[in-house]
Structure formats: structure tokens, C-alpha cells
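The form predicted alone is given below as one chain in C-alpha cells.
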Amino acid sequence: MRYESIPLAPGGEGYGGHAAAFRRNRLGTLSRLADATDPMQRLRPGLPIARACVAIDPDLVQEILVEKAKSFDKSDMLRFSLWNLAGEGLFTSNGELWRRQRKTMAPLFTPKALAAYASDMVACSVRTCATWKDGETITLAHETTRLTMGIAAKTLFDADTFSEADEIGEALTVALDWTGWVIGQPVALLHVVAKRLFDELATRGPAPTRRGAGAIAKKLTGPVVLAGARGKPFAEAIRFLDEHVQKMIDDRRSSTSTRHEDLLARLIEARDADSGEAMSDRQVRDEVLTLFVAGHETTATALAWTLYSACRTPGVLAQMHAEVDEVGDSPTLADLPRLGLCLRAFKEALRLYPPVYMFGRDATSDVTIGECRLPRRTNVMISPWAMHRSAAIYPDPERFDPDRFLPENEAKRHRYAYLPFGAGPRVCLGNHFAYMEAQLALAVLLRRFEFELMGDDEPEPSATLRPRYGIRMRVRRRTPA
């Protein structure tokens, strides 16, 4: 089937096509895709020369992310939106650079390395809830962000962010809000199209123009100008984060008295296999911010949604309290098998509210996916939100049911029908880190406090799927069973 013959996805009617639809109602548009019957659907991206489609079938997702992963790169739109924040970090880089980065970081996420993080995860959780007063109302998403930020800083960079958590959190919120807003905006679409035109000139144009075109294309990887009312706060937030990370790098480079084994040490000590050169401060900065954001943002949001969903399902919440009471006040790595319901509840919250609710890949060559022949440069969008809420895959998909993730039920589903951390060679390195962190944090929080939901909330589709109102909770100290 030629690209032009792929069925058109619903919701892209009118001027601006699906780009405009996503700007008006991002989750509503994704939900319409989940209800469609065609496994691959063509999108109207808003510019006639751009090609885009969406895959909502697990078999096609397996082809794109696993079997034919070498035929795709991270999308130009994603790299554009995250450039100022993450640069050429692990999440946004492509090709040989990405492979070197992944090789450098992988040892920090082996089972042996993860085992060493458990005590810090528990300590940060205890420290967070020690600040809560009996009977007070908290903004849960704010508290889980402080918690996971502390864990990421301590375990990955041996740093203490507790006293600066609010400032760092605010800067990251501004940066991520801009990132979520700019995706699909006309200025972003035009920018990406311009970059692709210069990429073509750099590879296929007349020889005298290739060098200059390549330099321009590289310059157009990220925003050239931050226009509009959001631009100035975004630039200030990035400046604050840059200064904070640079100080961390400077302090570590000047410290020779202590031997560190964390990620920051590995980045500073890493050498290029061919040239022997060390990473520049900019490269280290990109990796630090990428891992810092990835290491706390998604888990913080998912933890908040887990407690929110459990509070709306009293029977599940009671079972979770009983489970953590069996473990006691100080959970350890050895207790993880006894915290099965906490893990299943976290997984179910990730299904309902996947922090990375949509992402894209760009075809680097002509490629056939299923029965569809996709030309080079076609953007293929995958939406965990749409797949996770498909009634064909998850019966009664709006219901919070941790038992969907009992081993026997997981075994019945397609392996690639659940994508909170992606799949294939670019699956998130920290997925097991996040699962362990969630189990231990929930064990600490639920052992010490009762949570009373103070009102409904709803997902806000920015860069990640945060709770729009932060989830207001009243906390009361428990007398555990």
C-alpha cells in the first residue's frame, strides 16, 4: 500500500489538519485514534510537503521500534522541542553518538548497580514525608517531584537537591511546559521543514553547496529564536538549570580527594574510543539534564497518579496498606517480592496516565511497515495513551485494575501493547530503576500516612502527562496494623 492510500485518521478536518487538532485537544484527538480500526492511519500534519502517520497496532509498533529500528531516528520535531533542555543527550541523540552514550550509562542500571540504590530511595522517601504535618493538605505531585528529584540527584550524581527542590522544580516545569507547547506549533513545523530541506541539500545537493547547507541544517536542529510570551521565561529557566549543572560539573572536576562511582563520574571520565578525547562540559551537561529529568519527572508523575487512582478505588488502597504493613517501617531490596500489589498499581497508573503519552520516529530510508510503504522522512507517531486505552487490548480501559498486571494476565497480552518506557534498542534504561523506586516509595508513604483525595483531577498533556491541579490530598498519620 502506497503512503497516499493509507486511511486518513479521524479528527484532522479543517485548516491545519491534525496539527491544529492536537493544539486544540491533544488527548481527545489521541482518544479518537484509539477507537479507529485501521492499524496504520495517515495524518494531515498541516503542511502539504510533510508526511506523517500514526501506528496503533502492537504488531506495527514491534516492527517500528524493534525489528526495523535501524530504519528510524528520533523525530526532528522531538529534537527541536527538547534541544535547549536536553541537547544531544541520550534521549534525543541519534546514530553512533547515541550508541556511545548508551554504552557509557548502561553499567549504572545493571541489577547489581540498582541494588545499591535501594537504601537511598527509602531514605529520600522518609525524608519527604517527615515534612508533612498530620491533617494538612498537600499538593501531591509537588511532593512526589521533591521525592524523586532527591533520589535521582543522590543516586546518579551524589548530590543533595532537597533544599533547592522547589527552585529546580519550577525551572523544570517552565522548560517542560514550553517543550510541550511548542510541539506542533506552526513555527515549529516550518522550522523542521526548513531543516529537512537543508539536510537534503547537504547530502544530495550540488557539491559547492553541501558544506554550507550542512552547517545551516545543524544550526536548525533547535530553535534559533525564542519568540512569544513564553520565550523569555523559558530562556531564564534554561539559564538557571545550566548554571546549576555547571557548578556541579566544576565542583566534581576540582574534587580529587574523593573517588566517585556515580553517573557524573563516568561521564567526566569517559573517553572517545577513537580520539581519546573527553566529553566537553556541554556534552556532560546534556547527559546530566537528560538523566536528571528522565530520572525523576516520569516517576514523580506516575507515583502521584498511582495514589490518586488508589484513593478512588478504596478496596485497592486497603490492600496496599495491608501489604506495606506486612513489610514494616524500613523496606529493603529484599522486600520487593512482597510488594507485588504496589508494583502492579504503579504499572496500572502508567497504563492509564503514561508520562510520555506520544512520541515519534522519522524514517531514515524508504521502509515498509505492515502493508504500508513509507517514504524516507515520514514521521511515524506512536501513542501509549491511545494504545493503553484501546478496548480491544484492555477491556473496560478506563477502570483502574492493578490485576491486569498479574503475571498470568500480562502473558496473555501482546508484548508491545504496553509502552510506558518505549521498546526495542531505545527502551528507557531506567525502567527497572523506576519500578524499584515506586515500590519502595509507596511502601514508605503508605506505611506512614492515610491519603484522602480532596477533589478530582485530570491529565494535562504538556511534555509529560502531569495532573492539571497537582492532586490535592489530605494526609493523616497512620497507626499501622
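As the structure is a prediction and not an experimental result, all values here were calculated from the model. Just count from 1 along the sequence shown to find any residue number.
Quick note: we don't show the form predicted in complex with a small molecule, though the next part is all about it.
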{"query": "Interface membership of A294, the small molecule in the predicted bound form, 4.5 Å heavy atom rule", "finding": "yes"}
{"query": "Contact of N379 with the small molecule in the predicted bound form (heavy atom, 4.5 Å)", "finding": "no"}
{"query": "Distance check, V427 to the small molecule in the predicted bound form, heavy atom within 4.5 Å", "finding": "yes"}
{"query": "Proximity of F421 to the small molecule in the predicted bound form, heavy atoms at 4.5 Å", "finding": "yes"}
{"query": "Interface segment, criterion being heavy atoms within 4.5 Å of the small molecule in the predicted bound form, picked from 94-102, 245-253, 366-374, 216-224", "finding": "94-102"}
{"query": "The small molecule in the predicted bound form reached by all of F109, T298 and F359, non-hydrogen atom within 4.5 Å", "finding": "yes"}
{"query": "In the predicted bound form, the one of R266, K74, R338, K347 near the small molecule [non-hydrogen atom within 4.5 angstroms]", "finding": "K74"}
{"query": "Heavy atom within 4.5 Å of the small molecule in the predicted bound form - the one residue of P355, P331, P402, G184 that qualifies", "finding": "P355"}
